[in-house]
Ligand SMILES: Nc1ncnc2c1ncn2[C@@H]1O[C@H](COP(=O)(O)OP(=O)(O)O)[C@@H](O)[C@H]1O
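Consider the single chain below, provided in structure tokens and representing the form predicted on its own.
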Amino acid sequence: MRPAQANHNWQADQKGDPNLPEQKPQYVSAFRALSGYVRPHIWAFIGVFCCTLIAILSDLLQPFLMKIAIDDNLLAGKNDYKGLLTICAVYLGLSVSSFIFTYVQNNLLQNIGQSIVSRIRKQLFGHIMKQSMRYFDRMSSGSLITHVSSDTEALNQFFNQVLLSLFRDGLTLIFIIVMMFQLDTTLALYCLILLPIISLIAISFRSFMRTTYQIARTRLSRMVAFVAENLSGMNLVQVFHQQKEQEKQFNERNGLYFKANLREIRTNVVFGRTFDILSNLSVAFVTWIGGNAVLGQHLEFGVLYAFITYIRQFFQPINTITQQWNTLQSATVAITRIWTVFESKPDVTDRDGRDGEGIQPDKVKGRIDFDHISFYYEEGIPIIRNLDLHIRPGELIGVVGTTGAGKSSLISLLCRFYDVKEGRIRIDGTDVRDIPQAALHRAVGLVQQEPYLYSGSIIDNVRMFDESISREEVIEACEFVGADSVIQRLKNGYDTKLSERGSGLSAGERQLISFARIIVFKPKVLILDEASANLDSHTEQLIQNALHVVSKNRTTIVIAHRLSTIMQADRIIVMSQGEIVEQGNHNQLLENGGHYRELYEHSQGHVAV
């Protein structure tokens, strides 16, 4: 993500960007979609419900047993030690039952939650991988990382904390009310006066807490995006000595996130303490009302004891539910954000009913036709204008031009990272939009200026973890491009483990490995997008030698700033402002004295006065 884009996102956070998913609530549809993941576990949920029911009854029957022991035995003047022993045994049995079924309930719910979240995380990653390049142009890597990691973790907490609280504490509240009415209807009705007060407090805090959490969540996402941007561009930060400026900007974002967290914590503390005060006042109220009734002999002492126990237990699940309110807000926002990603559709898709018959990667001849194509990233800003180009099978084409001429966009359209706005691109007479993308990308090989290597061995990086490609084929490809001597110098040779992006290897060595990767997959159309721009002269010569051999019987398109890379090309295309302004071989273009000659003289150090 570009710095300007990151700054725009951060400013949008401060102003309240209307396009943010959390500011366009779609909670109902998101939770409805989530229900599809729940259905396969319906019997497990029934098991959780039954275990929860037994565990709650085991807990709530204990005060009732104490009421029986007090009123029917101790205060009644009986010396029924056998009855008391039986009550103690039942009490112990209920405690053990509560422990066992709570343990089973928690394990069942954990298993359900982890299974659902694992499935969603897998599908989310797969869905992101299917998106078109335009999606990644407008989405920051930090935001996507947050979706895959933090948002799915919030969803995990929803199942393991919020859902458990709703099951257990919701049923506990219901059964406590039932038990209180069973003990004394009048005292229970007095206690029900608390319900409207609790509801009023919860409603008052709900909207404020949601807003508070959304602000904190959004600022965290912006901070993660900023960190991801700086880590990916650390070389530029250090070269231009931007450490202090970037640290200043990070501190600003971190400070805003810090303030949002403090606000969230203060809200939770006030909310929680409000219920604590209400709980203590309720106990005092029940003690006063019930105490007068006991003194007036209208109520048994054991009933009052059980009532006080139940009223304390009445506020425990409420407190637990309110403590989970923040987690519920987190999960609600996370679910909406995740489903916003799921709802995104790739701009580039395979056409229905088109199987691309006749286009088999190993049988492609390599004729390429750009039929009067036009393309733009943003409406009204054309990148390529009515370009018409026809490339013969096996032809080696060089493409040159100043920055912004549309060279890389032309290649992106051929690889179908984007679709043309007008015209069409054909391979062997078939529109690339009618070719399945999997087949297209096997037929067209691309070597980019900055090759990407994965964490893994050199063998796996060359064959892209495709076990059907043998080790011998990989070694042969590396020898073919001249990478073998480089690899053999490494400690473990072809089994050397590379870190992310292949750090530890020079740009030229990484380029050779990515070139070997192309050789292994044997594409019929080969594209080198500035592939020799960062190479030293020796490595460039290795690439030139390999290119000379590999381009035989292959249609090859080379985009280059170094004109030495394409001077031997069959044809050189000169682009300017999205159009082809010149084409011909090296000598013909020099004789014409146009754009190409200016580029050539500039590359030779001849600057016009």
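Not measured: the values here are computed from a predicted model. Each residue number is its position in the shown sequence, starting from 1.
The same protein also has a form predicted in complex with the ligand, omitted here; what follows describes it.
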If you check 448, 402, 123, 374 against the ligand in the predicted bound form, which one has a heavy atom within 4.5 Å? 402
Pick from 221, 409, 330, 152: which residue has any heavy atom within 4.5 angstroms of the ligand in the predicted bound form? 409
Is there a heavy atom of residue 225 lying 4.5 Å or less from a heavy atom of the ligand in the predicted bound form? no
Would residue 276 count as touching the ligand in the predicted bound form under a 4.5 Å heavy atom rule? no
Touches the ligand in the predicted bound form: residue 334 (any heavy atom, 4.5 Å): no
Taking the shortest heavy atom distance, is residue 137 within 4.5 Å of the ligand in the predicted bound form? yes
Could you tell me which stretch in 283-291, 310-318, 258-266, 375-383 has residues with non-hydrogen atoms within 4.5 Å of the ligand in the predicted bound form? 375-383
